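Single chain ahead, written as structure tokens, the form predicted alone.
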Amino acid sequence: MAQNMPAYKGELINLYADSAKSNRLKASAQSLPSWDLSLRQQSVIELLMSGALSPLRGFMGQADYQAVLDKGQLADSSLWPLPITLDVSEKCAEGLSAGSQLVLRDLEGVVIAILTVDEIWRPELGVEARAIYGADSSSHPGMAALLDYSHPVYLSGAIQGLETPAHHSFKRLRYSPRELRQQFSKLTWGNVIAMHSTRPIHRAEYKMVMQAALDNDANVMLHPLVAEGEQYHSRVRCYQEVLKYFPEQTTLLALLPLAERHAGLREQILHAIIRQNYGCTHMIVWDQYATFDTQSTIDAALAEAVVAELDIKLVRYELPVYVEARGEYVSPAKLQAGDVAVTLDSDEFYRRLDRDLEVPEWFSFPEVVDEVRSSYPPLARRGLTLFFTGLSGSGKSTIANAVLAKLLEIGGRHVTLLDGDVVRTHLSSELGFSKEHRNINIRRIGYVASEITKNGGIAICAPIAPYKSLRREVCDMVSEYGTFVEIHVATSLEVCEARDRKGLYALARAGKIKEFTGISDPYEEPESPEIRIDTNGISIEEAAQQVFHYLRKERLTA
């Protein structure tokens, strides 16, 4: 590629303390309050410290936060599309005030930064969600994540970086913005076009990137998002296989530690700013990332601001389609009369993997298909969680045991029952029955189920799990590794109370058990479970058969 334009050289903000100051801060950290960062928070602070989120020097205060929501810019009117905030619990916020220092630790407890608190406030998350996603709908993945998983208190302030979060895999693919700029300079690359991705790259994406590089006289940086969980390992191996198909010395693969936010144009602009900070001159914008685009009223104004303020050029491309008669990929705009375009979207690709069907050779590279198949086996061999939920006495445990017996009878897969009472005895014996403790118990069950699912087994869970948000959280944990099936045992309160085999309802009615589900604490019924079982007038065997009918229909078992 020709080298006729220097890579962007804007100022990078370095938030890391020098070695002497870092040692002093680490020594003082032992006496300071601390906060354990989630994976999402850890990825954001890593980008802050490295300068990838320049010009930010820490987490936003209220003025910047509100300006971003209202106008897609900071309080000083400079372009910025999405809030960069630190959310913490009420307990963490207790005792903090302006000027307080808070130690930020990674998942292993290592001190990675210290925040000097500027402001403490409690945002209206619904307002934030509507400003970003443009609709009051919890079905939007970004909105659901914000409303369900954000803590109620926001802290703003500058951070001092002490330690880069540890990454034990693909270390040589993890570059800071400064390191990538140096690499581009060393390679004498001028134009550098960034390819953003959250999925494997198949032949159509490859053709699109090659065309974009040719059109813009640029070298290529494949810059996929890798932030949460372990599933990205297979995807990175897919990128490594695709890299072999690019011309030598023209393409570089680097990993971006950031979680997807599904925020449409706002998110595309944030990615453009980040790629600009990494030294890229161009970024491909393509239709895959319009799936969850927003209807924000400021999108048009933001688009104009991008053109005016960014030093990186956004180039839009459509995925080419395959014309079988010609044996080649063609841009949709260049289809000729009589051309029959063949496509295979992501849903169809994974449907074929689910059912162990052939994937056409024209669609992807054989190495990529093999790699995806190894981490995404057919449904009947994939990990699975059956999550029974319902009132105490509804019959969850009895039905779960009947399903367990049938699965063991069929054989072929490891099956584990995580019954609510048994888990309480062996995993959560120190917990009480407050809402906080019940949530902890459900999270523990979800974590164990996700580990079983990740390793190809079947987890059968039978807790009460009265709260929708916690059930969704467990679903997200499990779905990263396999299939989650929610089963609502919809026995009425009257029937459950009439059974009352353990005498719990009588004790709750007498006020001797506080916060008892269905009596003094609500049960939030699932709105659309995969299976709903009404136990009135049916046997346990018939209830279990309903579960098996669903599993066979969905090809989840042999």
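Since the model is a prediction, treat every value here as computed from it, not as a measurement. Rigid core (definition): largest C-alpha set, two forms, superposition within 1.5 Å. Residue numbers run from 1 along the displayed sequence.
Only in words, not in the display: the form predicted together with a small molecule, which the text now covers.
At a distance threshold of 4.5 angstroms between non-hydrogen atoms, I513 is in contact with the small molecule in the predicted complex. Shown alone here, Q66 lies farther than 4.5 Å from the small molecule in the predicted complex, counting heavy atoms only. For the chain shown alone, D421 is a contact residue for the small molecule in the predicted complex, at least one non-hydrogen atom being within 4.5 angstroms. Using a 4.5 angstroms limit between non-hydrogen atoms, S392 touches the small molecule in the predicted complex. Distance criterion of 4.5 Å from any heavy atom to the small molecule in the predicted complex singles out S397 from the list S397, T85, N191, Q160. Residue-level contacts in the predicted complex: of P466, G457, P257, G134, one residue has a heavy atom within 4.5 Å of the small molecule, and it is P466. Considering the small molecule in the predicted complex, the lone stretch of 500-508, 57-65, 524-532, 36-44 in range is 500-508 [heavy atom distance within 4.5 Å]. A displacement of less than 2 angstroms separates the C-alpha positions of R57 between this form and the one not shown, with the rigid core held in common. Positional change of H271 between this form and the one not shown stays under 2 Å at the C-alpha, relative to the superposed core.
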